[in-house]
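Only one chain comes next, encoded as structure tokens, the form predicted on its own.
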């Protein structure tokens, strides 16, 4: 199908580029009118706040004719909406005076007990008192960073890493040192080297941030035999571990992996969420922290939100107590496995030589590397012009790397749309490679920093 001709597509590529850059902070030039009269009033930490390039692009990429492989939106079509609707009505009718009232910053006690039962599937033994319910796990990330990091402190994280985490770290002016992954997750030798080099430079490392299961964006899983070694490395170096695990129950084989928290309860802060296994719009997550940390987390939660929404927590709690939620997760896994298979087969069929990609055994994402000479951020407007969108790799690094990488999300589109999207992307990539062969690598190396998260980059 040819692109439509008309005003909507006049200078389409230029419009996409403008959308990707218009949210960058503007500094006034001498003698020029300052477009933001409050610029000199902002706190210094706001310098680390930049808009996600995918969020800026979303106004165009969300058009129905564009196949978006960019955002990590869960596919909620399999939820029993009629049953849930009835349950929410019953909840309001029976317990509305509680559900619609303020609650505790700690979270609803019944839900905290249920969360402990869920974490037990990964070998975690926890007490409900040590669980703090949050408005999504992103709030947990923000609170943990706020509690532990001063400006200039160092956080160790996989490279690439979750864009929302990088945004939180930048907002609190912490510096990120990346450690490489391979097909088996975080490389222990790389972690040792990064800690040694950082300490040699006189920098203070506060914690390791890691997504061990079905990594976002990497699509790999930390090998079981590496988990105890990584915990031991952090213990030896007196480094806290922040374990982010929103995808742990979405392994396509049904296998669950032992959480790092199960190995060392005293040195691991665990982040969980119902966004991927139930309903992302309810924004219910949690933090499991060592007992001493728990009190400060409750205080941080009170200062941020006063309390998480009671209604949302009670909806989740009633769902867990009345619904076959494990059967529902199995349905999700089957849907996502079908989509994973579709994208892997399409990549194998259409992608030109020189491309490589991960082969996830769970979760939402494939991480792809393109041939030398292609800049995935520079290519993105041309891809959207060809009616396909992805997340360019630079947004997942704090140091400007990732210009030859991109993230493909297969969780939301149908398998047919996925295959068509990959076919379109392959054609764009072939064209970029032809240009690179003809003219050399004319695109500058993409430099991008940490970005604030959005629903389009989760």
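Being a predicted model, the structure only gives us computed values, none of them experimental. Numbering follows the first chain given and starts at 1.
One more form of this protein should be noted, the form predicted together with a further copy of the same chain, which is absent from this view; the next part is about it.
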{"item": "Interface residue in the model of the complex among 381, 188, 251, 103, criterion: non-hydrogen atom within 4.5 angstroms of a further copy of the same chain", "value": "103"}
{"item": "Contacting member of 303, 356, 322, 349, with respect to a further copy of the same chain in the model of the complex [4.5 Å, heavy atom]", "value": "303"}
{"item": "Segment that reaches a further copy of the same chain in the model of the complex - one of 81 to 89, 370 to 378, 189 to 197, 338 to 346, heavy atoms within 4.5 Å", "value": "81 to 89"}
{"item": "Exercise: residue 46 in contact with a further copy of the same chain in the model of the complex, heavy atom 4.5 Å", "value": "yes"}
{"item": "a further copy of the same chain contact in the model of the complex: residue 148, any heavy atom under 4.5 Å", "value": "yes"}
{"item": "Partner proximity in the model of the complex: residue 72 to a further copy of the same chain, non-hydrogen atom cutoff 4.5 Å", "value": "yes"}
{"item": "Residue 123, heavy atom within 4.5 angstroms of a further copy of the same chain in the model of the complex", "value": "no"}
{"item": "Members of 113 to 141 lying within 4.5 angstroms of a further copy of the same chain, judged by heavy atom, in the model of the complex", "value": "135, 138, 139"}
